[in-house]
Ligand code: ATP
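One chain is shown next in structure tokens, namely the form predicted alone.
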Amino acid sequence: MSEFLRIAIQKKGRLADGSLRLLEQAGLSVFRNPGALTCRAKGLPIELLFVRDDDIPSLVAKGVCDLGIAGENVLREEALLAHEPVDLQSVRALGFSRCMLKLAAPNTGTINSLPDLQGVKIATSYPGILGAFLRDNGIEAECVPLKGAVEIAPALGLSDAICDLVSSGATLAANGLGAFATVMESEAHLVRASALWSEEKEALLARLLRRIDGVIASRATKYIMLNAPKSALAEITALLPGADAPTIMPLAGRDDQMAVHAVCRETIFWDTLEQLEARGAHAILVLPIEKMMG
């Protein structure tokens, strides 16, 4: 029987949605029955295991799963609270589920900076990370561990401040809280243990990573097409962000005009398009790239 990779991902939530979207963009078809904890993907010999996000590090470290997709915040918390070293290494930073672990306090209170935390109570779902941060900054404060609803802790009198994940900041604002310091930034990572695999399994991981790298590269990469005066080609191609050797072809029926096609590996902003137009470029098209390789 051919080997397969077992990947642990979050069973529901933003991280789960991002993980499934990434795998589907990498060419895997995932058909999950409602309530099922496992499913086989089509496209590569891969099995998915749907679990709680905070179980992913231990499942991978213990060899139950070969790979896991988890946030840096979960990985670091597990490493800090574990009784023995956690055998995990990041294979790829995946570029989604970006958020920040921030310190925040009531807008009407007196806590506005790190020194103000001396001697106060701080509610958090990440006591390991918070504890390490406080020690590094010479702050003595009490961590109040909570599994959820951290934002309402000050209103309930459970804490003076909080340390929680923030993406847009809307939840903080809705609860009358203001962030004043960043403890860490986080994004999703693909992780594995350091155990040796068979050549077949390593080759399968290499195939998966090549596809994932193509998906990640295509996110910010665009294909730009335009027509330009032959006399302005040098100026116009110099403006194309991150372009590597654009394709330049004569425009049919126009000796003074050229067609320019380029893969731009950097973000194309409106001011770039305006600069191109000011130098004579016209019929400018910016197209998304679904997949890249090489």
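It should be emphasised that the depicted structure is a prediction, and the values quoted were computed from it without experimental measurement. Note that residue numbering follows the sequence shown and begins at 1.
Keep in mind that the form predicted in complex with ligand ATP is not shown, yet the notes after this line are about it.
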Would you please decide whether R98 lies within 4.5 angstroms of ligand ATP in the predicted complex, comparing each non-hydrogen atom pair?
-> yes
Within a 4.5 Å heavy atom cut-off, is V215 in contact with ligand ATP in the predicted complex?
-> no
Taking the shortest heavy atom distance, is G71 within 4.5 Å of ligand ATP in the predicted complex?
-> yes
Give a yes or no for L15: in the predicted complex, does one of its heavy atoms lie within 4.5 Å of a heavy atom belonging to ligand ATP?
-> yes
Stretch from 116-124, 164-172, 219-227, 85-93 whose residues place a heavy atom within 4.5 Å of ligand ATP in the predicted complex = 164-172
Of K62, R40, H261, R52, which one comes within 4.5 Å of ligand ATP in the predicted complex, counting heavy atoms only?
-> R52
Using a 4.5 Å cut-off on heavy atoms, what residues in 183-221 are near ligand ATP in the predicted complex?
-> S186
